[in-house]
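In C-alpha cells, one chain follows: the form predicted alone.
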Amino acid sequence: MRESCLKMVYELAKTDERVVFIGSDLGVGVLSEFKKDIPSRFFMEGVSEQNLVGVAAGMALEGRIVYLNTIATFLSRRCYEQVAVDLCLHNVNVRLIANGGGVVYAPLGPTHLAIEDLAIMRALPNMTIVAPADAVEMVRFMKVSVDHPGPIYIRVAKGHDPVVTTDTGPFVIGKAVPMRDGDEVLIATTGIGLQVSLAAAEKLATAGIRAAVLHFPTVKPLDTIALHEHVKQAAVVVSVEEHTVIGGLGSAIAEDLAEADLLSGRRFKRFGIPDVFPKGYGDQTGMLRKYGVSAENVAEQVKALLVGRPGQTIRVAA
C-alpha cells in the first residue's frame, strides 16, 4: 500500500507542478525516480519531523500541494502542535502520509504502534482522515487527493494486504462504501479492518445471520447518511478497527448514533485495541488477534449480542 501511495505521488507530480514530496529520513531508494526526474520538488530531510511540518505548511501557503511521508507515530504524536497550528489552523493543502498506522510495527513494540492516531487527528478542525483498505483503494484515493481543500491524514497499512475492495469508479472523500448486504447486523469498519469484517460476516452467514458490512475509507468527515440508512435495519451494530476503542471510528459512530437517537433498542460494541499500551512484540495479525480484532471473535461476540433479543434465534449450519 505504501509503495502504491508513493508511486502515485510521483505520477501526480509529473502532471501537476504544484505537487511536492517531502520525506523524513526514508530509505535511499524511496522515490528515486522522482528524485532523478523532478529534483526541484523532491526533498529528503533528516530526523526533524516537527520542522518538516512547518516547511510543508510554508510551501502550501505559497501554492504548493505537499505530500509529507514518515512514520505514523511521529506525525501524530511528535508533530501534534505543528500539525494543529501550522496545518489545520491555516487549512493548508498538506497530505500527511503516515506509515504503519495501527499495529503494523508490532515487531518494534509499543513506542512504534500508532493505535491512537485517528483519535488525535479527529480532534483537529479542518483535518480530513482517510484509511484505505488496500493498495487498489489507495490508488483511487490518491487520484482525487490533489484538489481536496485542506490537510489530509492518510493512514498507510503494512503493504501486500489482500485486495478486498471492489469499487472501480472515482474515490469520493467522505463517502462510505457498502461491501455486503444484511438486515440483522451492521459491521462498520475502516482500513484493514475490512478484511476482518468481511471474514466475520461470512462466518455469521454460516449461522444464518445476515450481516451487512459498511466500509468507511474516510473516517472524517463521517458519512452519517449511509450510517443511518444501514443502522435502521440492524438489531446489532459493531465497529471493527485497528485502533484503540477510544476516539476512533467506533467512537465517532457511537457519538453520532447517540445524538441521532438511533441506539435505542439496539446492541452496540466496538472491536479494537483496549485502553492499554499493547504488550509484547510480534506481528500485526498476532497483535490484533490478541486483543480480539479477529473474524472469529467478532462473529462469536455478535452472536452473543443477538442472543436473548425477541424473536432472534441463532441458526447453526449442519
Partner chain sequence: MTASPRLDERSKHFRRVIVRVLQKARRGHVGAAFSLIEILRVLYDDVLCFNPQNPRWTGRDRCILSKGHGCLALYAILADKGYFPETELERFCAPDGILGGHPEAGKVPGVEASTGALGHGLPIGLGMALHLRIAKSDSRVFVILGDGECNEGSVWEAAMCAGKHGLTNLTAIVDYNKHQSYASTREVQDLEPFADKWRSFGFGVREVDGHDVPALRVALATPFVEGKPSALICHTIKGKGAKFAENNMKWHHKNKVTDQEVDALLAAIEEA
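Positions refer to the first chain, counted from 1. None of these values were measured; they are calculated from a predicted model.
Missing here is the form predicted in complex with the partner chain; even so, the following discussion is about that form.
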Checklist entry - So in the predicted bound form, does any heavy atom of residue 293 sit within 4.5 Å of the partner chain? => result no
Checklist entry - Would residue 40 sit within 4.5 Å of the partner chain in the predicted bound form, counting heavy atoms only? => result yes
Next on the checklist: Test of understanding: in the predicted bound form, would residue 31 fall inside 4.5 Å of the partner chain by heavy atoms?
Outcome noted: no
Next on the checklist: Whether residue 64 contacts the partner chain in the predicted bound form should be assessed with a 4.5 Å heavy atom distance threshold; does it?
Outcome noted: yes
Checklist outcome for this item: Per contact check vs the partner chain in the predicted bound form (non-hydrogen atom within 4.5 angstroms), the hit among 87-95, 177-185, 201-209, 125-133 is 87-95
Checklist outcome for this item: Residues in 35-50 that come within 4.5 Å of the partner chain in the predicted bound form by at least one heavy atom, in order, are 40, 41, 43, 44, 45, 48, 49, 50
